[in-house]
Structure formats: C-alpha cells, structure tokens
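Next up: a single chain in structure tokens, the form predicted on its own.
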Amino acid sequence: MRTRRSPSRPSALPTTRGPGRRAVLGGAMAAAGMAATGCGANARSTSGQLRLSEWNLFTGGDGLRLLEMHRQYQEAHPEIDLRASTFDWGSPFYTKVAMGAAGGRGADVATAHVSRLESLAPGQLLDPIDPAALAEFGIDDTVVLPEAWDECFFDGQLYAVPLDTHLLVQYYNLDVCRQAGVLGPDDRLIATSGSDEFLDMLEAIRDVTGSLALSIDTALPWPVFWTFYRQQDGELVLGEDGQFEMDDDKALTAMELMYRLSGEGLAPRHSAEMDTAANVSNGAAGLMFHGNWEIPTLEETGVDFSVTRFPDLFGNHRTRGDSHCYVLPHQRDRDPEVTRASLEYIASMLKSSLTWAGGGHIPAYQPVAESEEFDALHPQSEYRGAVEDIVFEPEGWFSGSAGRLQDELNGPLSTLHTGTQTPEEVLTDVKERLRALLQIPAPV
C-alpha cells in the first residue's frame, strides 16, 4: 500500500481540501472545462427519470461488455436516465475529465485507472467518496480485493472504487508447448524457478517453432521492465527537482535479461500491437507476456491456448498491474440525490462484473471473483491468484497507465530489443529522462 494512501475510512462525507498548488488549473482551463463537458446542472428528464452522466474510456471488447452491463443496469433501474459517453483511451480521456472537473462540471461518475489517481488531483479534480454511503449499497473493504481497495485512498480519504485488476500474465500455445514437452500431465505449463530455468524452457520451445519462443511487445517494454525490476525488490522513488532513488544494479539486471531475450533470438526484435498476439496464435512463438485483456484477441483466432501467472524469474511472481476504478469528477454543486445514484450505479457495476471478467479482467468484487460462475471461466480462473502478485507503478503525477513515464521510457527500453543500445547505455538514457520529467511541474 502506498504511504500517502491510508485505508482509514471516515464515517461521514469528508470535506475537500483547500486550493493550495492544485488550484492552478483555474482560469482558462476552468472556462474550457465548462465548454467541453456538455454537462449542465443535473435535472430530471421530462419523463421524471433522474439523469446520470457517466464517462468512460472503454472501446472494443471492453466497450461491448460495458454496454451489456449498462443494459442490465437500465432494466433494473428504470427510474434512472443513464447517459454514458465513451472517449478515446489514454490522454484524450484524462484531459476531458480534468477539463470538466476543473470547471466544476464533471460527469456524475467516470472510470479511470487507479494508477492515475494522483494525476487527477484528489480534492480538486475529484470529489471524495463517502465510504458509509457506499456501504449502504453493499460495497466496502470486506468485499473488495484489498490490493486494489488500498490504492484508492489519498491522504486518508476514499477517492475511487475498483472494478477490476488487470496485469501482465503469461500466455501459452498449448499445441506448441505440448510438442516442446513443457506441459505437465494436467496440460498446464510447468512452473519454472529463476531466469535460468525459464530460459531453458524457451530454448525447448524454440526447438519446436524454429523461430521464436516468447512473444512480447517490444514497442511498449516498460511493463516488462517494471515487472523484472520489482521482482528483484527494486524501488523507484520519485522526488522533486530531478531527484529520485533507483537501484542501478537491479535495473541493469532487468535490462540485461530483456537485451538477452531478443539478442539470442528467443523474443522478437520488433513486435507491436497485433503482431504480438499473432506470434502466439500462428505458432511462431509458444509463450507471450501481455496483459490479461488480450484473451478476447486470441479467442477470436481459434488457437488452443491458456494463461497462467507471470513466471518466477527473480524469486517471486510479481507483475505490473493496474485497476480500472470509478471516481466522482469534481462538481461545483454536487446534487446529493445524483451522488447517491452514482454510488448505487458503481455498486451495480461491481456486482455485475462477471460480464466484465469475460474480457480477461479479474473482478475486484470478491463475491464475483470467488463464485462458481467465475470458476467456470477459462482461462480467467487459471490466473486468479495473480492478484496477489500485482505491483503498481511508482508514485508520481506522470506515472500510471497512459502516463508520461511510460511514454518517455518506452523509447530507450525498446532499444534493448532492437540491439541499438547496450543495457548500460539504456540505463543512462532512462535516468536522464527521469531527471527531465521530475523538472516538470505537476499540472495540478
């Protein structure tokens, strides 16, 4: 649990903090927020329904699942006029949320990544959530995954409610791995311990494929680096004015393994987007490191595959992860009735998250994650225990999913796979970019 996020739970709605340095958005951005959001004062529709606006960043398969969950919600809540809007994933979405909230006219409820909580400036761009009011709808720390719940606090106040956890896992092509002799009698991938055993497994798989053994997204290598680094207990503490703490030896060890994987032809030098999953579906590789959200992609190909937790390379199974969560964007005059409806909506989404799990995500709501229905989901139930391995990104306004930290470090880290820089050169580059990032004032 992050030190600034304490799971203490106030019994009444907390008050927002004073403006301080987080009020810098004001002025022009506030005016832009009013124009951009399209949200007026909450009111009832002509039919008497209570209007509830929701913003999300889910497209593709996730978007289709959310539509189904919204259909179920509307059927159960005919008194609510749910107005859901989907925006482009990443920076466009977070800019939209920030601008709306800066003007005090944010959506009633929105999705976000819990790793982006700090960049959304709780207390300024987000309104706190009353745990007692949320508990009236059956959602509290007793039914939500602790690893995700604890990340939703900022300065002792609750600002988010987790819907899921999503993380890097290990996919395997059953036909290829069966031929390579790396499946056990239960047709599951044999567990390895340490990088040497894992590399031996890759060699056996490459003997079968004649090309690659492990498919990874070499254009977006930050999550793999962070996983390798954190498995060694590596810490990255981001300070101010260009100051940070990083273990050079552990970072080099992580980078050397990435360099070796592609340098020895066990992993590709170039692989991005759909190519990464295609390497597994067409049998060019037997294993793949990727997020659990790629399950629908492989299912569509018809390949016989399964999924397991990230391998133990440095003494444990830690893996980079995040959590989709619900937040209350700041509103200048928050309507208590609409806020209550927002909390009921959040609770409904968590309770219907078996539908959401179909896309690969692990529900944060434990009655669903521990249900017989989830047990019947394969391969999702095969890696359910990986939620205990999740490691979030370092604290910082530029950290987290779709954050600037990833954008800046993916470039130098990708050269480990292309072979255009040595690990030592990449480490120097990474540290220079970290110093530059830390010189940039937080926007809020």
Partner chain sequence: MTRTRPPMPASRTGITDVRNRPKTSWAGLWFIAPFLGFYLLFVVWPSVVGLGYSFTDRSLAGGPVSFVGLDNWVESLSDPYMWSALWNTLLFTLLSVPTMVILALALALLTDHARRLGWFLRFSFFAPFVLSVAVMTLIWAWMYNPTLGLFNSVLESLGLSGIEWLHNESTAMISVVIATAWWQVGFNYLLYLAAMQSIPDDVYEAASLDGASAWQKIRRITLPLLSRTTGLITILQLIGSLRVFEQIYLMTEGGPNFATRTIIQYIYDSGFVGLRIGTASAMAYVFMALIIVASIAQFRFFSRKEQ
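Remember, it's a predicted structure, so these values are computed and weren't measured experimentally. Positions refer to the first chain, counted from 1.
Not on display, but discussed next: the form predicted in complex with its partner chain.
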(request) Report the stretch among 338 to 346, 354 to 362, 119 to 127, 229 to 237 that approaches its partner chain in the model of the complex to within 4.5 Å, counting heavy atoms only. (result) 119 to 127
(request) Tell me, yes or no, whether Glu408 is in contact with its partner chain in the model of the complex, where a contact means a heavy atom of each within 4.5 Å. (result) yes
(message) in the model of the complex, does Pro394 come within 4.5 Å of its partner chain, counting heavy atoms only?
(response) no
(request) Decide whether Ser193 counts as a contact residue for its partner chain in the model of the complex under a heavy atom distance cut-off of 4.5 Å. (result) no
(message) in the model of the complex, does Pro78 come within 4.5 Å of its partner chain, counting heavy atoms only?
(response) no
(request) Check each of Gln380, Ser399, Thr415, Ser53 and return the one that places a heavy atom within 4.5 angstroms of its partner chain in the model of the complex. (result) Thr415
(message) Exactly one residue in Ala277, Leu82, Met99, Ala180 has a non-hydrogen atom within 4.5 Å of its partner chain in the model of the complex; which is it?
(response) Met99
(request) Pull the contact list for 405 to 444: residues with a heavy atom within 4.5 Å of its partner chain in the model of the complex, in sequence order. (result) Asp407, Glu408, Gly411, Pro412, Ser414, Thr415, Thr418, Thr420, Gln421, Asp429, Glu432, Arg433, Ala436, Ile440, Pro441, Pro443, Val444
